[in-house]
Ligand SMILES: C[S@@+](CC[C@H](N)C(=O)[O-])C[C@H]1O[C@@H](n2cnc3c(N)ncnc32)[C@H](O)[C@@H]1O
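Single chain ahead, written as structure tokens, the form predicted on its own.
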């Protein structure tokens, strides 16, 4: 047994019986769909079911996902200085737009970002006139409502038209992604099938859409080696394209794990970026305990930037999270705040190149906004996309 298998086996022993039963119900639901589909479904369809299936998926049903007792933590939960620095950028956009101050956040997690951002904007004299949240997770929406009360309006879908600032922090990486493999000179699509009572990865010839996407990647970044496995985020691209239809004027700040294309599809990154999280342990076994694990894939920011540009949005900046927060004044906020050693160390995690500072990137796109944005004053990497 490998170390990874031992770790997963040990973790499974601590899962409550009702949680295991829940995961088995979801696995059965997935197996039934595989049977109806002729014995195989694409991985992005599996990811959709595992994360979002009503009453069973990870984001649809599993409580306690975020925080020390959950499976992962995001920057707003690590330190309120994340939201306070971000507020400086939002306030600048409000000043430039000279219209109603509106914020629309996607996937607001625990609500920590919204709460801290609203308070800091008020301190800066730029309190939002409206703050909307689009949230697909029922339990996270309930947590947000308990935290934020009447300060926020919750939406099931984006508005038909919007002017203001859009924020998507670690949202694109949980949109279902397709998996592909380069084998025998062909492009194959990875999906999920059933063997006995277990789910397993199986391969089929790639669809035209996926094959075309991989061929474009190779045209941009060079041929991929034999046996290369990675992801293509077609749904994230489509979401970005729709952003271009309803964002009439304003800025969208997309913050996520990812790389420009030439780094994402580097020959040495031969197993892709797919990653799962269970009780703050990262692993690469997306079929293990479906419904109890978060499943993510990094973002090809070149593809997202192109999708935005093709949809008529301007590319306004691209940089690391660390550089963005520094340009927004996080060090000044740190000096002004009476933080203890623990809180200071947490804030510095946001900037560390070995942790979130370099792994997370910030892409700004928008329409009708002139002049450079505060968060990209130095170290803008748009030329690398």
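Numbering follows the first chain given and starts at 1. Since the structure is predicted, the reported quantities are computational estimates derived from the model, not experimental observations.
Missing here is the form predicted in complex with this ligand; even so, the following discussion is about that form.
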Handout entry: Residue among 258, 109, 132, 128 with a heavy atom within 4.5 Å of this ligand in the predicted complex
Key = 109
Completion exercise
in the predicted complex, the residue from 240, 293, 169, 302 with a non-hydrogen atom within 4.5 Å of this ligand is 169
Practice task
Indicate whether the candidate residues 52, 140 and 174 are all in contact with this ligand in the predicted complex, with contact defined as any heavy atom within 4.5 Å.
Solution key: yes
Problem - in the predicted complex, segment of 36 to 44, 315 to 323, 341 to 349, 58 to 66 with a heavy atom within 4.5 Å of this ligand - result: 58 to 66
Exercise for the section: Answer with yes or no whether residue 76 is in contact with this ligand in the predicted complex, where contact means some heavy atom within 4.5 Å. Expected result: yes
Exercise for the section: Considering only heavy atoms, tell me if residue 136 and this ligand come within 4.5 Å of each other in the predicted complex. Expected result: yes
Handout entry: Close approach of residue 72 to this ligand in the predicted complex, 4.5 Å, heavy atom
Key = yes
